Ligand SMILES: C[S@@+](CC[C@H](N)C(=O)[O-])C[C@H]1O[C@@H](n2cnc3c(N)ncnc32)[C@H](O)[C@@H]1O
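Only one chain comes next, encoded as structure tokens, the form predicted alone.
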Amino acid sequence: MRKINLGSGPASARGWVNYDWGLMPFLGKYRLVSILVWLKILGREYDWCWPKIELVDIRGELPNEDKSVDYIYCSHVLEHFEKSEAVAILKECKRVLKDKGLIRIVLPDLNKIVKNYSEADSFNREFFGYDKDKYLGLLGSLKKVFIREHKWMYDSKSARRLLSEAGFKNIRLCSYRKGAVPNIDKLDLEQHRKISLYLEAGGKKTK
């Protein structure tokens, strides 16, 4: 069984192949993040224990054959790309998924973020993906190199359309750690629970 964790970051589960790309995944792959934490360029919240990472730029072609993958998991990744890029990424996911394969995507839910509004600073952090107002001066500019800001946000309706545009069928709204994709008890993170939407979809319509 082939399972891909797309844009994995430091979160994974046993048996999943982790694809990620960028400066942080590179540092995580070679166990260099702790040095930046020690130098106080990054905060202690970044001192994660990274799993084995394959450096794959998911904006391009995935290194998998057509219809060769059983499951794809993609959490808090697509919002960091422009909408057109997200569609292209999902089309590539559909190419590599088996006919009975499943993809699970987790996204910040714009509707939940609005409903949970309490004050401007926390809203802006969730909307942009980081505390933009704190990355100031030379050190702030250096730290910002490690940040992936949000490019496009979704609610459940627009996320369904995104998957549909990429060719997915049987799109269904799920919930935290509930669904048909394996290991979501490890992959769905508690820290994302209050602001996330969860969807699963397949490649073919069932009869």
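Just so it is clear, the structure is predicted and the values come from calculations on it, not from any experiment. All residue numbers are counted from 1 along the displayed sequence.
Another form, the form predicted in complex with the ligand, is not on view; read the next lines as being about it.
S.K.: Work out which of the listed stretches, 96 to 104, 113 to 121, 132 to 140, 71 to 79, brings a heavy atom within 4.5 angstroms of the ligand in the predicted complex.
M.R.: After filtering at 4.5 Å, what remains is 71 to 79.
S.K.: May I ask you to check whether I58 falls inside a 4.5 Å heavy atom distance of the ligand in the predicted complex?
M.R.: I58: yes, in contact with the ligand in the predicted complex.
S.K.: Looking in the predicted complex, any heavy atom of W48 within 4.5 Å of the ligand?
M.R.: Within the cut-off, so yes.
S.K.: Please check if G7 has a heavy atom lying within 4.5 Å of any heavy atom of the ligand in the predicted complex.
M.R.: So G7 counts as contacting the ligand.
S.K.: Check whether R160 has any heavy atom within 4.5 Å of a heavy atom of the ligand in the predicted complex, and answer yes or no.
M.R.: Outside the cut-off, so no.
S.K.: Would V17, K91 and G202 all count as contacting the ligand in the predicted complex, using a 4.5 Å heavy atom cut-off?
M.R.: Not one of the three qualifies.
S.K.: What are the residues of 23 to 43, in order along the chain, with a heavy atom within 4.5 Å of the ligand in the predicted complex?
M.R.: Sequence-ordered list has one entry, P25.
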